[in-house]
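Before any questions on binding or motion, here is one chain by itself as structure tokens, the form predicted on its own.
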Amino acid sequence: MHDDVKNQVKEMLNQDVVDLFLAYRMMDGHPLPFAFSRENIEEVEDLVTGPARYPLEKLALEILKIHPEATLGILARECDQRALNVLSTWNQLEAGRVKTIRLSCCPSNLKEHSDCSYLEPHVSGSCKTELGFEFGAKTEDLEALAPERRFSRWMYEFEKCIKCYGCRNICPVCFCRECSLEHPDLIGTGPLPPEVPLFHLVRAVHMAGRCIDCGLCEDACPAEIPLRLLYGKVNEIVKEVFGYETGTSPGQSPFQVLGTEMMPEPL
């Protein structure tokens, strides 16, 4: 697998298909994001495919903001491809500027969305079971609870937040120039902790139709808030109401009102 990917990266660089290729390089025993180029093509031998948890597509977006004329290659798992589709849908990436080498991260292709095999399940204690939500809980598990019980459990989760912004900062599809989570008229910008539950509800609304269920936000959260469950619910609502499935196609518009498309302007 590694050798095949390395050969493909070298070919793309040597044939000027891409100017840079974003993947992972083993450095000091850790797989870290790295930009391979024709100038350092010998370092492709140090390329690794994982395990690694960084939003390469977000790095690609930042590079293209500075060098819009560049063409980038990227090592893309299924969730990375969904993120690229969302960024293209929202006019954040110009078509053709990002070339991918697809990488499967799940031994089974029978699931609608593959589960990343390197995401180990969390082990929860009795307090978590009684007061909050288990990691890996499904939206149907929420619906099985009485409304007041469901509300109290979410409040327990939200009250653990320290407003570190880790969920936003690592999210591959967060691209707003001005973040609502730092808007003084919406969210208090003073000392921690954040306003509960406003902080997470504002972000959840912004994730509707954007979240690609990569799990990076949940990995980054030091308070272990089940964010995938929260964003999965809002995406479920978007699918039920509008028939929109996030990240399935770069050409699928999230804005269709009576057959009229309204697309955001490119940044």
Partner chain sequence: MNCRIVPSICSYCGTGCGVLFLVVDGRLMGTLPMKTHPVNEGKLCIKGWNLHEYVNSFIRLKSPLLKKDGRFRKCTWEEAIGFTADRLRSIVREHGPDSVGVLVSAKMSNEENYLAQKFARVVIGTNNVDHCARL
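Fair warning: this is a prediction, and the values are worked out from it, not measured in the lab. Positions refer to the first chain, counted from 1.
The form predicted in complex with the partner chain exists for this protein as well; it is not shown, and the discussion that follows is about that form.
- Judged against the partner chain in the predicted complex with a 4.5 angstroms heavy atom cut-off, the residues D80, V202 and L229 are out of contact without exception.
- The partner chain in the predicted complex comes within 4.5 Å of a heavy atom belonging to E218.
- Within this chain, E224 lines the site of the partner chain in the predicted complex, having a heavy atom no more than 4.5 Å away.
- When contacts are judged by a 4.5 Å heavy atom cut-off, K99 does not count as touching the partner chain in the predicted complex.
- Taking non-hydrogen atoms only, Y165 approaches the partner chain to within 4.5 angstroms in the predicted complex.
- Only one of S180, T139, N169, N91 lies close to the partner chain in the predicted complex, with a heavy atom inside 4.5 Å, and it is N169.
- Contact with the partner chain in the predicted complex, defined as a heavy atom within 4.5 Å, holds for exactly one of A35, I237, L198, I41, namely A35.
- Using a 4.5 Å cut-off on any heavy atom, the residues of 44 to 60 that reach the partner chain in the predicted complex are, in sequence order, A52, R53, Y54, P55, L59.
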